[in-house]
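Before any questions on how it binds or moves, here is one chain, the form predicted on its own, in structure tokens.
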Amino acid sequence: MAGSVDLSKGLPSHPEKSTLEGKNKFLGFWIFLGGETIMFATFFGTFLGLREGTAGGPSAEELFSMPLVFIMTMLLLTSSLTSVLAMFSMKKNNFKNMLVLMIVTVLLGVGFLGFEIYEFVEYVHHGLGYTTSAFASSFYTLVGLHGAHVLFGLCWITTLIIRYSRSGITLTNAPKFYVASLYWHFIDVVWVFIFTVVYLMGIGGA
């Protein structure tokens, strides 16, 4: 049949892009990421414009803790690495290893999210509520939006793990795992910008 994939010798080297459905998922996802990038750029611009408006409330220099932010960053970057390794395992048709690495990715993401919630609670205890100042509102909105994306990514990957835990790697689920992995990398890239623009510039008083 035209356009069919011969599986007599196992999965192709790139199972995520070996079918028309997989290629369409890949293309559609990049279009989706374009919209996400514009949205985050808007919130970054808003934060940069409002970050000096503390209205007498706590400032970034007074609140931000570099050790905590560093731990959060390492957790998320490590989860990106395990996600990459999971995709290498998928291309080698090593489903068990891929599954383990995706589970580790989820656990690291949960750890990151836990620290972020802890961070928000601590800031509120120190007087930085959402409506305290323009800085507070823009900070919570930007970082909270990223946190919501992390939560969505965790739910997405967890759903895939549960749904396909016994099916092995197929031409149907390979694109789904691959696109979820790309989404996770996007979240990590956004966090690198947050780490730089929000935290490093905030602690440094730039």
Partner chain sequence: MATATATKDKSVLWDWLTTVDHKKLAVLYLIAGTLFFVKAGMMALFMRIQLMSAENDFLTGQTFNELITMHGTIMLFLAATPLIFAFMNFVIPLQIGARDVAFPFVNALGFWIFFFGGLLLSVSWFFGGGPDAGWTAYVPLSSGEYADLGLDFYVVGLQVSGIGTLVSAINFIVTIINMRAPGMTMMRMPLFCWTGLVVSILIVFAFTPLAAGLALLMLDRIFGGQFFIPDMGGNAVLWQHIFWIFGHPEVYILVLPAFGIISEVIPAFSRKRLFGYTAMVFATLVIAFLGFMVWVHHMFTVGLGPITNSVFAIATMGIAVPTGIKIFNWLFTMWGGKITFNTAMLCASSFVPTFVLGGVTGVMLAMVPVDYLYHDTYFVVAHFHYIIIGGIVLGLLAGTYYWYPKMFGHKLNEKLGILMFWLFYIGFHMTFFIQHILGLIGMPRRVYTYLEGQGMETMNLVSSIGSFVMGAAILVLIINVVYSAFNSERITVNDPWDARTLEWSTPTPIPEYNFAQTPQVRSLDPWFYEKVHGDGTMKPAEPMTDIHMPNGSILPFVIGLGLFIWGFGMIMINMDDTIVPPFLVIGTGVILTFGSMLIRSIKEDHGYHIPLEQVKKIEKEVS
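Everything numeric here is computed off the predicted structure, so don't read it as measured data. Numbering follows the first chain given and starts at 1.
Below: the form predicted together with the partner chain, not depicted.
Any chance residue 50 has a heavy atom within 4.5 Å of the partner chain in the predicted complex? Residue 50: contacts the partner chain in the predicted complex.
Does at least one non-hydrogen atom of residue 120 fall within 4.5 angstroms of the partner chain in the predicted complex? No, residue 120 is distant from the partner.
Residue 42: touches the partner chain in the predicted complex, heavy atom cutoff 4.5 angstroms: Residue-level check for residue 42: yes, a contact with the partner chain.
Can you check whether residue 130 is within 4.5 Å of the partner chain in the predicted complex, heavy atom basis? Answer yes; at least one heavy atom of residue 130 falls within 4.5 Å of the partner chain in the predicted complex.
Could you run down 28 to 55 and flag each residue that has a heavy atom within 4.5 Å of the partner chain in the predicted complex? Residues within 4.5 Å: 28, 31, 32, 34, 35, 38, 39, 42, 43, 46, 50, 53, 55.
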